[in-house]
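In the block that follows, a single chain appears as structure tokens, in the form predicted on its own.
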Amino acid sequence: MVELTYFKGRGRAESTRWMLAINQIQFTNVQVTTPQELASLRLTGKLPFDQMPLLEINGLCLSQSTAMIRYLARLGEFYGDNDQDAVMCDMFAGAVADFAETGLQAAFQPTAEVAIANLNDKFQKFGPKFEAHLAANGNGVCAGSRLSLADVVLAEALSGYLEWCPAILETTPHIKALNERVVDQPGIAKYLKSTQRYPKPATEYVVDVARVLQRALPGHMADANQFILTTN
């Protein structure tokens, strides 16, 4: 059984879910919802760096999202056809990680207007670069001649942008076409329609993360320090 352990939400585990989905690998979301559950998980020794997400697959306990998606890309042959394709996948995926960060932080912003402004600003920085690269590659994908991990992680990052800014791809036809191609892949299409797909992150997710990690909520939220342990 393949298990992916994380908070009750998408977050940094979502790119791994998309890679599992495109490989059509069945998996179970394991939710960590309290500090005690996280402490117990750490005691098992399954978290090499005491951090989630954790992917348990083929007898391995994998940490770090970048390692997970690359492992799954190799399993499913989503890493191009040669070393040049592979390094292009890695380079593109690295840029996407920077691009995706603003989407990951959107739910933590004080207002929807701030989140949307940040997303639009970040897209203006990265969108033209992605669009130009896709146009230059000439075959509708980020690296090589067929779908790869680079395309999957880009589409996953875009899914967060599109939930806040539905028209954001209208001026980038190559990105829009690639995104549609990825989300139409059988495994991903099935995942996106399934109950395993968590909803758009909102206040509940922000609170859940703070509770588990016993850290402060964003400053604009009431009782921001409610989960921080205090000692007398």
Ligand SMILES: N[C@@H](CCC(=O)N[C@@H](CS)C(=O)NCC(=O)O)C(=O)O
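We number the residues from 1 along the sequence you see. For clarity, every value in this text was computed on a predicted model and none was experimentally measured.
The same protein also exists as the form predicted in complex with the ligand; that form is not shown, yet it is the one meant from here on.
Inset, instruction - Report the stretch among 28 to 36, 193 to 201, 163 to 171, 64 to 72 that approaches the ligand in the predicted complex to within 4.5 Å, counting heavy atoms only. - result: Only one stretch passes the 4.5 Å heavy-atom test: 64 to 72.
Legend entry - 4.5 Å heavy atom contact with the ligand in the predicted complex for all of R17, D98 and G103: The answer is no: none of the three residues contacts the partner (heavy atom, 4.5 Å cut-off).
Inset, instruction - State yes or no: in the predicted complex, is some non-hydrogen atom of R181 no more than 4.5 angstroms from a non-hydrogen atom of the ligand? - result: Contact with the ligand, no.
Inset, instruction - Give a yes/no on whether I57 approaches the ligand to within 4.5 Å in the predicted complex, heavy atoms considered. - result: No, I57 stays farther than 4.5 Å from the ligand in the predicted complex.
Inset, instruction - Evaluate T44 for contact with the ligand in the predicted complex, applying a 4.5 angstroms cut-off between non-hydrogen atoms, and reply yes or no. - result: Output for T44 is no: heavy atoms all beyond 4.5 Å of the ligand.
Inset, instruction - Indicate whether R211 is a 4.5 Å heavy atom neighbour of the ligand in the predicted complex. - result: No, no contact at 4.5 Å.
Legend entry - Residues of stretch 37 to 58 in contact with the ligand in the predicted complex (4.5 Å, non-hydrogen atom): The stretch 37 to 58, when checked against the ligand in the predicted complex, contributes R42, D50, Q51, M52, P53 at the 4.5 Å heavy-atom cut-off.
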